[in-house]
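For reference, the chain that follows is the form predicted on its own, supplied as structure tokens.
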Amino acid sequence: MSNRRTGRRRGNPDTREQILDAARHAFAERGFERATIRQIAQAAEVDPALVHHYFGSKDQLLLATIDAPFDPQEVLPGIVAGGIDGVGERLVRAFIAVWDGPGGKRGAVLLRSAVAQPLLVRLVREFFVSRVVKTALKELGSELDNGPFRATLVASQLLGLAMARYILKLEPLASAEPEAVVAMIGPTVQGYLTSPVPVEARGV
């Protein structure tokens, strides 16, 4: 999986950091969907065109605010290509491949930092829940009930796996072969997506 970054030139570091700081607060306070490039540009006191010049799209700007370990637009097509059947295993397999690759170091830094920074916690939530899991469900074209609840369950499983395997390094999980982990956790993730939601949790 590629962790390729955009080819845009970096520009003035001070201006870039102003934009990133404004974006971090906008995404954390309003969420990814409600935050706009215009609002971010206004907070950073720059022209909206400059935000696009430095970062391209709003998706790429979110990735830059947290130095994301991977770009969902590059990873998700391979996960959703096979449809809803087996998507749990494909999602876990792709997640492990990212963390076992070059992006894993950035992911570890991100999770360690988020533990102590409330603003970063909200950004990580927007990234994993809104831009990874919810986007995957949308691209699957699935009409699953209780979609937001299912998405947060999947995100909890993936983030828990990252903490246990790569941050806390719990053995033997930490050194287990990727396919062994996929075989055990993949069906759980699949269940979160396709199993009937209990009456008590409906509408959550």
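The first residue of the shown sequence is 1; numbering continues from there. Quick caveat: nothing in here was measured; it's all calculated off a predicted structure.
Another form, the form predicted together with another copy of the chain, is not on view; read the next lines as being about it.
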Answer with one of Ala64, Leu140, Val46, Ala155: the residue that has a non-hydrogen atom within 4.5 Å of another copy of the chain in the predicted complex.
Ala155
Checked Leu50, Ala28, Met163, Ile37 for heavy atoms within 4.5 Å of another copy of the chain in the predicted complex; positive is Met163
In contact with another copy of the chain in the predicted complex (heavy atoms, 4.5 Å), from 66-74, 37-45, 163-171, 53-61, is stretch 163-171
Is Ala22 one of the residues lying within 4.5 Å of another copy of the chain in the predicted complex, judged by heavy atom distances?
no
Contact of Val124 with another copy of the chain in the predicted complex (heavy atom, 4.5 Å)
yes
Is Val115 a contact residue for another copy of the chain in the predicted complex, using a 4.5 Å heavy atom cut-off?
yes
Does Phe128 reach another copy of the chain in the predicted complex, with heavy atoms at most 4.5 Å apart?
yes
Those residues of 166-197 with a non-hydrogen atom no more than 4.5 Å from another copy of the chain in the predicted complex are Ile167, Leu168, Lys169, Leu170, Glu171, Pro172, Leu173, Ala176, Glu179, Ala180, Ala183, Met184, Ile185, Thr188, Tyr192, Val197
